[in-house]
Every structure is written in C-alpha cells, then in structure tokens.
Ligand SMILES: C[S@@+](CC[C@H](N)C(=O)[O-])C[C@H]1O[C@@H](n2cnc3c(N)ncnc32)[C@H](O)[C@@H]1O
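Just the one chain here, laid out as structure tokens, in the form predicted alone.
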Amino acid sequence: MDALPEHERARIASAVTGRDRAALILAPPSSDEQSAIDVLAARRLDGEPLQYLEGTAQFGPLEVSVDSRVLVPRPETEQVWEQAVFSLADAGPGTTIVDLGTGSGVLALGLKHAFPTARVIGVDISEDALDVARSNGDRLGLDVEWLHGDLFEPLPDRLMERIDLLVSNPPYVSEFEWERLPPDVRDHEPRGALVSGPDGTEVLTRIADDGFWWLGIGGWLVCEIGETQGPAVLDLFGAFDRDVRPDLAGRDRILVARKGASCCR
C-alpha cells in the first residue's frame, strides 16, 4: 500500500477524534489528535486491518469490538448468520443454539439478537478470543453463554441430540493456502482461527463427525467453508440432508445442512 486512500484516513480520523467527517471540517484535529491519526495511518500502510485500528466492525445490526485476538468479520460470515436465521425461522426459550469457534462472538451475538429468548452458547479454544466475545456481549446487553474449549468438548452432555442450530466459521485454510494469503490477513489476523491443517478440511471433518450426534432431529447446521471445498464438504456431511450455497460473488461458501429432514428451504 503506497498511499493511504482518503476514505480510510477519514475513518481513522473519526476513530481518533470521535467526530464524523462533517464535524471534522468544522473542528479539525488538534495537534495531539493529528499525531495519533498519523501513527494509525502508518500502521495501516504497514497492512494492519482498518477495523483493528478503528477498534470496531459492523456485523448485521450489531457493531462489535475487534482487535488482533480475533478475525475481522467478513460478508461471508454475515451470510452464514442470515442463512441460519432464515433456516431456523423461529426460536423460543426451549431452543438451543451453539456457535463453534465464536471468535469475537459475532454469530452467537447476532443469533441472540435475532432470537432473544433462545439459549445461545459460544465456544472457542482461545481464551483471548472469548475475552473479546464476553466484552461484546456485555456492551451489547446480549446474554450469551461463553465456554472455553475445543469445539464440542466443553458442551454439557445433556445437550447431546438436543441442539437446534449449530453455526460455525471454523478454520478452513490449508497450510499451503496460508502462505499465499494477503499480507494484511497473514501478518495480522490470528493464524489459529484461519488454518485448519495440511488439507484445510480437518476441523470441518470433526464438525461433520460429531455434529450429527449433538443435533436433535430436524436440527440445522450452517457453516462457512472455503470456496473450493464444496464437493469435499458435501461428502463430509453425507449423514445430513445438505446443500452448499454461494456467497454474493457466486462462490460456494456456505454449507446448510439438516439432520433427518429436508434442508432446502
């Protein structure tokens, strides 16, 4: 990045000063504010994601805090949320929703916002990520249960075959693909939230194998996948009625699956 685009500099200025662009015209940054803006602009030129510099990101109706402990929410993950809301359609106090690899908590919090009386659980192997998720939940006033552990491991046994909706944006990047990611992703976002292993489908395989036993009959599973993984994922989730759906660019990015019932609404 040779020069910082003006719209990015404006966003950084607003993040530092707390004033929007119109207000900054009337009240330009002070010398101290300008120094802080210049520091963040230099970090952006070095490739640090803009959302980390701003400290927040938009996800559906929610604004969440993000930093280098968690991934920057992407449009594909927002589509996972939209597909999950559409698939489940309705949820009451007896509904259980689980977000595996919750990161900043966006899927869990978005689903709690959509289904406020449902029980929503967010799981992550990273305590650092859970700290971000908890903070977001507290700030937004959304009562999600946060559990530390590896995928299904921290879930209480009584939820076996009783979960109504599983969602996940799991690691699905291979070691080979990792080396070729854009520097702003590879050098700044948490590797453990991106890289699954040599093949890229290792975590998806575990979700396919174990998720069937945790979902109740008719339960939904909605999961983000890599754009080349559609055929492999359809095989992995062969125990489910399933479908792979495109993102806004037409790439296979979202698995929608259901246990023991048609998935294709």
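Start at 1 with the first residue shown and count on from there. In this text the structure is predicted, and so the values were computed from the model without any measurement.
Keep in mind that the form predicted together with this ligand is not shown, yet the notes after this line are about it.
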item: Contacting member of Leu71, Ala91, Leu166, Val144, with respect to this ligand in the model of the complex [4.5 Å, heavy atom]; value: Leu71
item: Stretch from 136 to 144, 158 to 166, 121 to 129, 175 to 183 whose residues place a heavy atom within 4.5 Å of this ligand in the model of the complex; value: 121 to 129
item: Contact flag, Asp150 vs this ligand in the model of the complex, heavy atom cut 4.5 Å; value: yes
item: Touches this ligand in the model of the complex: Ala193 (any heavy atom, 4.5 Å); value: yes
item: Contact of Leu109 with this ligand in the model of the complex (heavy atom, 4.5 Å); value: no
item: Contact of Gln83 with this ligand in the model of the complex (heavy atom, 4.5 Å); value: no
item: This ligand in the model of the complex: contacted by all of Thr77, Pro170 and Arg206, heavy atom 4.5 Å; value: yes
